[in-house]
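Next up is one chain by itself, shown in structure tokens, the form predicted alone.
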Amino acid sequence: MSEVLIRLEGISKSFGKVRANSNVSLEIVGGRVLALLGENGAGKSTLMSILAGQLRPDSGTVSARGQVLHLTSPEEAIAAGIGMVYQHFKLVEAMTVAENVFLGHRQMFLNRRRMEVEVEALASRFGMSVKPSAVIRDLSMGERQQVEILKLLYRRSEVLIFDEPTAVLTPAEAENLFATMRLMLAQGKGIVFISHKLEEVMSVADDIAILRRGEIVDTVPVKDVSSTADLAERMVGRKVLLEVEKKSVEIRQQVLSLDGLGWSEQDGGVSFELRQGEILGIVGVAGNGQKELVETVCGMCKPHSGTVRILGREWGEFFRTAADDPENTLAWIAEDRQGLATCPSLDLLDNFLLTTRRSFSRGPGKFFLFREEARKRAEYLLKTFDVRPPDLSAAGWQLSGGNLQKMVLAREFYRKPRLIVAEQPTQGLDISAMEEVWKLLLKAREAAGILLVTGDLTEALTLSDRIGVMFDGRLLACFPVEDTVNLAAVPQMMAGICEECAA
């Protein structure tokens, strides 16, 4: 019989009036994967933050092999054999792999060569190919995640918590991760797997625990779950089909035009037009120019070559005059919802006002801000978009990633933009919230043109009218979703091995 490594009993945690966890009890067993599921705001992040030593529960106990733990910091959790691989990596980019693994090691003298040998041996033991001497900033997302895992394995973690581990990985990198997980399980380690990708849960989990509004509502072996549809219904409490009606919309005026756009002397191959009434989905492996494309369209990055026209104006002119023209609005749903889209230290009302302030300002120079009017509108939007908790006094950092994303969507759609740049809009959202976001984007395309940048091919195919494939800073192809010949070659284009397919 497998050993119970960690037992949580009667865990409860509240933030003011909001009860994040209520009397939660779970067991993490060696050699098995426990998938922890729930809608955004269900309490998953809070529960795992307690287990990882970041938060202390109001009541309840955490015990390891029968010994009660009093975890007051992540360092104490790691010392107790509990480690967490966060969705947003915590690495020093200027340092090497080995230096990051040994960072914080309490030893006066460290030999670089010995460090690299130890890390290489550890990586080989768990099927990882990352080079110990490589600098973090030069690594892919999958390789960076391997470094995070190595940091915990070096510290002899017996329980590893994976928070949305495949959100930033290519399919091949995800398969490598699952292979590493199987090797860890074979050595008796216990894994907690948090994901909104139900197909992955069904393939990697042994047991499933479902949180709903802070309480465990179901704990079941994966073999007793018949399908992803069954799992989604258990999680949400209703049937979720992820089928959205895509109505035909009249294609009207041009809202975005790019001609020969490039960000270095080697680039210069991004040209397309986007019109009101359509969604153009840009797909590609992360790091192939999508970030530069988004930042250019949103005014954060000046291109090296080419021209950009936004809502009928040249790039520089548009951003000089945008504040004085509320009828010609660009909305950016940024991938980095904590670093770019919001200010985590501000409350939700002030976060709502970050881009909507002029709508609630009056008088000469829009000097007077009518906060009460803004509060009423924001309260309505939080309820409409099902942001939890719907409390405008809550700080941004108190919301789960999914709920923070829904707040951003509520704020940006309120502005009635004519051009929407949606960058990974459903990353980290549960299946129910994903369904709602898809419906909102399809509805928004009636009045706007939408540039959808996503790593999820299913999302791109479901929402887009046209698909563009980026590789190495170039747009290899741009074609209607009905073009089945090019559509079948998209995975090869993304890998750069079928550039002639779009010819």
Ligand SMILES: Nc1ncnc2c1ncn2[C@@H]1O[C@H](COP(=O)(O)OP(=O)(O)OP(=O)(O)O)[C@@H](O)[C@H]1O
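Bear in mind that the values here come from a model prediction, so they are computed numbers and not experimental data. Don't overthink the numbering: it's just position in the shown sequence, from 1.
Although not depicted, the form predicted together with this ligand is the subject of the following passage.
Residue-level contacts in the predicted bound form: of H196, K189, R411, K151, one residue has a heavy atom within 4.5 Å of this ligand, and it is H196. Here is the short version: of D207, E335, E164, E99, the single residue with a heavy atom within 4.5 Å of this ligand in the predicted bound form is E164. Within this chain, S432 is remote from the site of this ligand in the predicted bound form, having no heavy atom within 4.5 Å.
This ligand is not drawn, but in the predicted bound form it has no heavy atom within 4.5 Å of P425. Not displayed here, this ligand is approached by F15 to within 4.5 Å at the level of heavy atoms in the predicted bound form. At the 4.5 Å threshold, heavy atoms of A42 reach this ligand in the predicted bound form. Proximity to this ligand in the predicted bound form, taken as heavy atoms within 4.5 Å, picks out 401-409 from the listed stretches 401-409, 215-223, 243-251, 70-78.
Using a 4.5 Å cut-off on any heavy atom, the residues of 378-399 that reach this ligand in the predicted bound form are, in sequence order, R388, P389, W397, Q398, L399.
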